[in-house]
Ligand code: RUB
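Before any questions on how it binds or moves, here is one chain, the form predicted alone, in structure tokens.
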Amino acid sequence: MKFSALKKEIKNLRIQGAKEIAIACLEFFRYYCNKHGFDKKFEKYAEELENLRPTAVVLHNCLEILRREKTLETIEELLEMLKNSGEKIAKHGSKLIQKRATAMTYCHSSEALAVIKRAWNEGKIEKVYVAETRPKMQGVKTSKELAKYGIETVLITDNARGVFIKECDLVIVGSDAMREEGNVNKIGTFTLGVLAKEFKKPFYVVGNTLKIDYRKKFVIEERPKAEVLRTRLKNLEVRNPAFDVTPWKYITKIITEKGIFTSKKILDLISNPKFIYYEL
């Protein structure tokens, strides 16, 4: 894929999800650096791609590792880690789910879906509620994927989550970045975390350890206003943040490719950047 096409695919959300964005960019750099090496354009392209979706941290961490070890082998190692993390995450995450459980999920997370699918294969998941996830409706994509997989799936509106969470045994969501402040994920995840705590439902976050975020500067990406309202009206301001932060106190466990972590364990890792950069 050409650089301009890759940028467009990411900007327009045809490539979405922190892990998927990183994989697409690494595959581009594998092709580019194999032909041109790590020249001046490598850094230019890296910076431009990183700025497209500034909240998600996986690409940032991959590029930081790649800047330290500028080799094609490093790219291959990162790609292997990301592509294989889903299976490992699913294996760990399924152990947390009891038999015949009903789950609720949100947005579209390949890693959260990996856990749900494995648990269903093992007879532990009976039904999944999926909130639509406005304004881009990523939850609709999730509901179709689960239904095609054979799982009994119920698509609900975002503001119906408080009604149907009473019928659920657990909530499972993805992650775009794990920070000291909490888990960064699709806007609306924070309120789902509050709901889960109110109704005493386990709230599981799923994400590989390249989502641990050491950045001092942190920006919540705001998407185009037209995604919410195309009409422009005087005295009407439209805000469209793509992400929010769920404080760790609302999160029961974090499911990673390295095992099941507590919030305290994640906070300990955040204080030790070497965990990511030198322990692939």
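Just so we're clear, the structure is a prediction, and the values are computed from it rather than from any experiment. The first residue of the shown sequence is 1; numbering continues from there.
What comes next is about the form predicted together with ribulose-1,5-diphosphate, which does not appear here.
Asks: Among the candidate residues H108, R161, K124, K117, which is the single one with a non-hydrogen atom no more than 4.5 Å from ribulose-1,5-diphosphate in the model of the complex?
Replies: When ribulose-1,5-diphosphate is considered in the model of the complex, the option within 4.5 Å is H108.
Asks: Thinking of ribulose-1,5-diphosphate in the model of the complex, which stretch from 178-186, 153-161, 195-203, 70-78 has heavy atoms inside 4.5 Å of it?
Replies: Of the options, only 178-186 has residues within 4.5 Å of the partner.
Asks: Do all of A18, Q138 and F243 end up near ribulose-1,5-diphosphate in the model of the complex, with near meaning a heavy atom within 4.5 Å?
Replies: Each of the three qualifies.
Asks: Do R53 and ribulose-1,5-diphosphate share at least one heavy atom pair within 4.5 Å in the model of the complex?
Replies: Yes - in the model of the complex, heavy atoms of R53 and ribulose-1,5-diphosphate come within 4.5 Å of each other.
Asks: Answer for G174 alone: is it within 4.5 Å of ribulose-1,5-diphosphate in the model of the complex, judged on heavy atom distances?
Replies: Looking in the model of the complex, residue contacts with ribulose-1,5-diphosphate include G174, since a heavy atom lies within 4.5 Å.
Asks: Is L267 close enough to ribulose-1,5-diphosphate in the model of the complex to count, meaning some heavy atom within 4.5 Å?
Replies: No, L267 stays farther than 4.5 Å from ribulose-1,5-diphosphate in the model of the complex.
Asks: Check whether L13 has any heavy atom within 4.5 Å of a heavy atom of ribulose-1,5-diphosphate in the model of the complex, and answer yes or no.
Replies: L13: contacts ribulose-1,5-diphosphate in the model of the complex.
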